[in-house]
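A single chain, nothing else alongside it, follows as structure tokens in the form predicted alone.
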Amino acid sequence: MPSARAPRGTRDLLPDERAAFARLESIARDLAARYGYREIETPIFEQAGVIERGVGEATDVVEKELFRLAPRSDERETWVLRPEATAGIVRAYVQHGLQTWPQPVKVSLVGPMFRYDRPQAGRYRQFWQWDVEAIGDPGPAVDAEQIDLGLRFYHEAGLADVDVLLNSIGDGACRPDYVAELTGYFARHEARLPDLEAARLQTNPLRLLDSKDPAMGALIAAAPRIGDHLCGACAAHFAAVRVHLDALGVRYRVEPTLVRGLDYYTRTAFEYYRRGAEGQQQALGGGGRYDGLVEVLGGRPTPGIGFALGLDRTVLALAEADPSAVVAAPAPLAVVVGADPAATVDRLRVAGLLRAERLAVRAELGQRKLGRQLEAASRERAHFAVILGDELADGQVRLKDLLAGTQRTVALADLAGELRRADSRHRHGEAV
């Protein structure tokens, strides 16, 4: 076993797995553009206060999972690696005065996030998310649009069995009274609470509804429901979200115990699960409304909603659903090989001509026999081999279809066009 290894809880994305991520990123970016969300980038580390105030100091993310960076002695700021994207995007919205832009500001980000979490299947300390935010629209139509957008991502990625769980968790007008009733209910049963949940009762009682401890099942089932305590405005908003989802044909299930894990959520909350695979470690992604977060981070009161979808978990889900469907790293269209093992200058020159024509071509730069060069090209799943021999002196090469086993002589000047035509027609298995 090598002594130098990736840090615990992280892993290297080797070419085939990176290709699977790249495919999901491409789907995400295409969907974001179709739905009118523009791309944004924020730093992968933020001032600690941005995350602590935005996410909530009594959340697991802040209490247990932050990667805190040790500052140099001459630095006054303290930083953390971003555990999620919303707080940083809202900070950018406030910092750069995006409230003066036409509202809502709709942005999208794909990138790595970091949480000091216990490594396990589907949970890494560095993980990738697609994040989508709409800031400046009170909904409810934008809520339904985002839920539909996230679901469409999974469908286009190849997961048809994804369900939407939906809830409303109220707002500052109605949630405090509900939390007080919920606290009283669990306090009456405090002797039955596991240690972790007993601590949450003191700091963040709403999170008790999100517990996956089996000992909590009966207590949660009998707990007061927030849906029964919504104020008129929140109830009307939640009803309107469902009307819009019904109009879009989005299937969903109202889940009264769905609360999400961050303090900034208000009203609409939602999560995505593969059918029959619900549980703390099984959510593929989720999001909700955060109508008070802009103000918390120094801006004027501004509504917002967003979601984050885990790319790591999506790749795992795709592999579980159909291992043969996992994308491999792109194969070259052609490999330039040569009868003379030492003629690397010629192979590199011809490959350069084809690359200038925007074709994906690898040059065989090792000095091995032609048979070994062709074997390597086949293992890479290249469609063609461009074989350089004595005919190169007359401006010609041999073009071999590695799938069909046929070949013919082609003028070097026509080679790029021949390869492009063959590629565009998908003439795999036919003579060229």
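Residue indices: 1-based, along the sequence shown. Predicted, not measured: the structure shown is a model, and the values here were computed from it.
The form predicted in complex with adenosine monophosphate (AMP) exists for this protein as well; it is not shown, and the discussion that follows is about that form.
- Taking the partner from the other structure, adenosine monophosphate (AMP) in the model of the complex has no heavy atom within 4.5 Å of any heavy atom of Asp161.
- For the chain shown alone, Val259 is not a contact residue for adenosine monophosphate (AMP) in the model of the complex, no non-hydrogen atom being within 4.5 angstroms.
- Among heavy atoms of Arg115, some come within 4.5 Å of adenosine monophosphate (AMP) in the model of the complex.
- Taking the partner from the other structure, adenosine monophosphate (AMP) in the model of the complex has a heavy atom within 4.5 Å of a heavy atom of Ala283.
- Of the residues Leu165, Ala308, Leu354, Ala317, just one reaches adenosine monophosphate (AMP) in the model of the complex with a heavy atom at 4.5 Å or closer; this is Ala308.
- In summary, among the residues Arg123, Arg349, Arg152, His229, the only one with a non-hydrogen atom within 4.5 Å of adenosine monophosphate (AMP) in the model of the complex is Arg123.
- Residues placing heavy atoms within 4.5 Å of adenosine monophosphate (AMP) in the model of the complex fall in a single listed stretch, namely 126-134, out of 193-201, 74-82, 242-250, 126-134.
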